[in-house]
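What follows is a pair of forms of the same protein chain, given separately as structure tokens and numbered structure 1 and structure 2.
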Structure 1
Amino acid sequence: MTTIATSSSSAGSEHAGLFGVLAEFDGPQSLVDAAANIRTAGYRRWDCYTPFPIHGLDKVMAIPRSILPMVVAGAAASGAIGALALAWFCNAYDYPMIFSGKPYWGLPAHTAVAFPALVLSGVVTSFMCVFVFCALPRFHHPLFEMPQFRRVTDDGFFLAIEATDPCFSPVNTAELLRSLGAVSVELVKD
């Protein structure tokens, strides 16, 4: 008994071998309504899976704002400053040379260098951020084992609650999802 008591304190091992429960809904509207209820019910570790981004679903799910734009702004600024510094180092410091009587280092002309560097570092950073923040690529996921989940990229609208959620219970959670109008509710093995 003691072992069970200790292990239940660390969430997840209570439902060992279980990823969670997967519910399918018949369209964007019923999914959004269900998501609102799941959130009100106090669940924390859950997610919706849709073929396209549903406008407003993030608000319903209370997904926090992404820090991505901030990271990108930082990267873009460093890119621009780096390019200006490079131009200064090359043409004004390490090997000063006069081109057409212009100053060694001049902001107007070097803007043409700084700008692409700004865009390049900004775009490459946003691209990388998608994968870092989404923890992708991840080629295997317990949900991929569910045959109906293949429709998530076609016309399937899913909601999955993970077993690690403190409120999770294989019976009650499934029941709740069924009561919210899910067309199918199934347990997902880990």
Structure 2
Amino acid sequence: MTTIATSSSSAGSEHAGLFGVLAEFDGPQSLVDAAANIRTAGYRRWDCYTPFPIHGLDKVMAIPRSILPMVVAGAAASGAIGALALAWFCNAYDYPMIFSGKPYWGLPAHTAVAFPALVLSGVVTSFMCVFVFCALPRFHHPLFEMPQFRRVTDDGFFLAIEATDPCFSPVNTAELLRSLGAVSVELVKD
């Protein structure tokens, strides 16, 4: 039997080779209740894994709203304004031509250029930001090595607490998860 150190040294040296603790719960409500208690206990580096979205879980986990919609809207507006500015520069400033007494530049004629630029800028920005915000591509995660974690896409409800959390202790954290109604609790190697 191995002895687990419970000193208050830094998490990196104390829990070397350990990713954290994985706990399985029997249903969505027990997972939400456990998440609320984990947050109240002061844990900060933890996550929940479910086969489908659970209403209210993000509030319990205190996940802030994503800035992705604002970034995409800003990029889309910048793309449209940039396309209109380029059309103005080319048609009214750099190489002005008079056709039948029409103005050098007009907004209605150039909306056909601005709209695709708006859509393209928004799509490319959202695609790139999802990769950046989600830290993709990630080819390996320690939880993928756990056999029971394969059920997360089917019928498993899991909560994982990372060893880098300041409140983490392998023994105390596992006992806390068991007291919150976890069906199984296992240490996850890194």
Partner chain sequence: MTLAVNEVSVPVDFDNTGEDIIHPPVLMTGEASYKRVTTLVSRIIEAPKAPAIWYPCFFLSAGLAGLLFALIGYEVFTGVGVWGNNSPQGWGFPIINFVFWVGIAHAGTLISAILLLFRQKWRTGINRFAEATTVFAVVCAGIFPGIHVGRPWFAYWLAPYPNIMGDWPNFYSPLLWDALAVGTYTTVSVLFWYLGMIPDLATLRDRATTRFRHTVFGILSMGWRGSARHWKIYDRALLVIAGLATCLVMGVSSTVSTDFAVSQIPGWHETIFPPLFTVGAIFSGFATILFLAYPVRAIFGLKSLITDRHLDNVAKITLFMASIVFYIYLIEFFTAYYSGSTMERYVYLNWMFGPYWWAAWAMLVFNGVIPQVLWFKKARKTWWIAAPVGLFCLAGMWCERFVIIISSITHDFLPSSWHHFVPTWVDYGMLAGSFGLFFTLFLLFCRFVPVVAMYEVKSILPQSHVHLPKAAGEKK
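Residue indices: 1-based, along structure 1. So that the term is clear: the rigid core is the largest set of C-alpha atoms that superpose within 1.5 Å between two forms. Here the structure is a predicted model, which is why all the values come from computation and not from measurement.
For the form predicted alone, the corresponding chain is the one labelled structure 2. Residue displacement note: A92 has its CA displaced by at least 2 Å between structures 1 and 2 (rigid core superposed). Relative to the superposed rigid core, G101 shifts its CA by 5.6 Å between structures 1 and 2.
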